[in-house]
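Below you will find one chain, with nothing else, as structure tokens; this is the form predicted on its own, and questions on how it binds or moves follow later.
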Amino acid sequence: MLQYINLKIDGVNIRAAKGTTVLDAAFEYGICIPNLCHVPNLSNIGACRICIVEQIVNGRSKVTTSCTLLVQEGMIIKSNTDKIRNLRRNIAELLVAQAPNSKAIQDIAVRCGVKKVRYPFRNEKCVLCGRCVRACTELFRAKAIGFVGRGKNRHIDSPFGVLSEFCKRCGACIDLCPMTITPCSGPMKPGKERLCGECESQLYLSDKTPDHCVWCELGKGFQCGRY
């Protein structure tokens, strides 16, 4: 029998099944918490940090990723404070500087309120969100790709850099990758990278309720939990 937990997210009384993450509980009640590495029905690793929230414990605030935080009885969560918005905006800014040729990441930047990018553009092809690795391992049990190396040398590859015989050629790794869809105006050439921001009009409905999901299109590119 399912056990249910009562908590508050942004002042809203939430009832969620035991074992549910704060992120999924928020989605269920229409509360928008931007995210990137989260994929429904896959494990959560908190890689992108976009989904951070404040957990209030004994009057003190603790910042943590909502995708890895399980609901607890009486928990108090704040997902849209000035502190969280500023932190989330900076994370989104770093992501778009790292990979400006991803429409999903450009959309995340818009959703988090990024107006300019203060960091050098690097135009990388991977942000190590791990969506592809988890799909390959958990959905298809292939383990044909994984994380390799540490620190700045960390990347995703097949064993020994050779296509694994266990690869099912299902294409799930490509479908889930936030890098597969380029910005609407096309790929940005080296030295011409920029913050796109052309989809900002998607957010006009959220001006008065910035913490509520308004069913914008800014999550479709990476299969936001609301799609």
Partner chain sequence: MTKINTISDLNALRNKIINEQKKFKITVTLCGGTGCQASGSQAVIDALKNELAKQQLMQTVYVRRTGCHGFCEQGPLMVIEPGNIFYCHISPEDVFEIVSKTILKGEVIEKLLYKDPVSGNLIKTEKEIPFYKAQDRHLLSQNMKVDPCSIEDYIAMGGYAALAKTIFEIPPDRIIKEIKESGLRGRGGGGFPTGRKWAECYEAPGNEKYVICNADEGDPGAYMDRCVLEGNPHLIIEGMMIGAWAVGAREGYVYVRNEYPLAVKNIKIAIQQAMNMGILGEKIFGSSFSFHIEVARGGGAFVCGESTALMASIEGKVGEPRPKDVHTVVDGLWNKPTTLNNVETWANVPSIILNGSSWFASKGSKGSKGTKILALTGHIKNTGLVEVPMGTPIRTVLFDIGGGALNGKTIKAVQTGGPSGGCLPDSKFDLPIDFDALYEAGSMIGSGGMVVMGKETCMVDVAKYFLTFLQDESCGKCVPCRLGIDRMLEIITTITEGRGKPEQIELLQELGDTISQTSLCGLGKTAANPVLSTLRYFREEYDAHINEKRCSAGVCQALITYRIDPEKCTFCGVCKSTCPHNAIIGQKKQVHSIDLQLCQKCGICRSECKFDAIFVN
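Computed from a predicted structure; not experimentally measured. Numbering follows the first chain given and starts at 1.
Missing here is the form predicted in complex with its partner chain; even so, the following discussion is about that form.
- Proximity to its partner chain in the predicted complex holds for none of Val39, Cys132 and Leu176, with the criterion being a heavy atom within 4.5 Å.
- Contact annotation: its partner chain lies within 4.5 Å of heavy atoms from the stretch 46 to 54 in the predicted complex, the single such stretch among 27 to 35, 168 to 176, 189 to 197, 46 to 54.
- In the predicted complex, no heavy atom of Ser79 sits within 4.5 Å of its partner chain.
- For Phe140, no non-hydrogen atom is located within 4.5 Å of its partner chain in the predicted complex, even though that partner is not displayed.
- Contact between Ala144 and its partner chain in the predicted complex is not found at the 4.5 Å heavy atom cutoff.
- Ile181 falls outside the set of residues with a heavy atom inside 4.5 Å of its partner chain in the predicted complex.
- In summary, among the residues Leu95, Ala104, Cys136, Val110, the only one with a non-hydrogen atom within 4.5 Å of its partner chain in the predicted complex is Leu95.
- Contact annotation for 82 to 105: residues with any non-hydrogen atom within 4.5 angstroms of its partner chain in the predicted complex are Lys83, Leu87, Arg89, Asn90, Ile91, Leu94, Leu95, Ala97, Gln98, listed in sequence order.
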